[in-house]
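First comes one chain, alone, set out as structure tokens in the form predicted on its own.
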Amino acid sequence: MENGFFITFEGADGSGKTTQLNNIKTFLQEKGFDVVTTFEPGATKTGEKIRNILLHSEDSVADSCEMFLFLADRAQHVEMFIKPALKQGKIVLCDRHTDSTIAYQGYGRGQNVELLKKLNQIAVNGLSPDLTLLFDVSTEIAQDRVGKDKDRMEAAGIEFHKKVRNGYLELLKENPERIKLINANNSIETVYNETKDIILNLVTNKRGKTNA
């Protein structure tokens, strides 16, 4: 990373992370920051094709194939979009990143977590988020928020999603400096205010040190 700031939004489908990401983009832009938003998988043209396979494939997708598709999408995304934006000094807000793969494919699907961490490092080629916001919500509430029209990942079943949530909480324990927990069971406004305060504090502190 050069002069930009890389913030990732993580959590279960139905946690409200995407809503908060869009709200934070507006807030930061009003504060005068140069902000871009992005997401995984599917933010690049190559990624669009990968996303379609991952979420809407009519064929059965092997767990190992799913894992490598997410990693391939990430490698393309990092090199083609995220790193160039950071070099331009932008704040990049990303809906899902490396922690999603550990939580979903590692803890959820049962893939080797330590191996996944190493593969993630290859995919990101030295990039790491400055801050990760984990929007934690009970699995039952998250599934209810998603509704009946689910994609392939959302429809994996409640036991799978409970494993994913536990995986995220394990990552929180391992990375307390980078990952900040937000109780997404609360109202949208309450969650927004907490999110806003955390991000503004860190972005302001970093920019202040850079300009010192």
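Position 1 is the first residue in the sequence shown; the rest follow in order. These numbers were taken from a predicted model, which means no experiment stands behind them.
Beyond the structure shown, there is the form predicted in complex with a small molecule, which is absent from this document and is the topic of what follows.
Using a 4.5 angstroms limit between non-hydrogen atoms, V191 touches the small molecule in the predicted complex.
The shortest heavy atom separation between S57 and the small molecule in the predicted complex exceeds 4.5 Å. With a 4.5 Å cutoff on heavy atoms, N166 does not count as touching the small molecule in the predicted complex; it lies far away. At the 4.5 Å threshold, heavy atoms of S187 reach the small molecule in the predicted complex.
When you look in the predicted complex, the only residue of R178, K162, K49, R145 with a non-hydrogen atom within 4.5 Å of the small molecule is R145.
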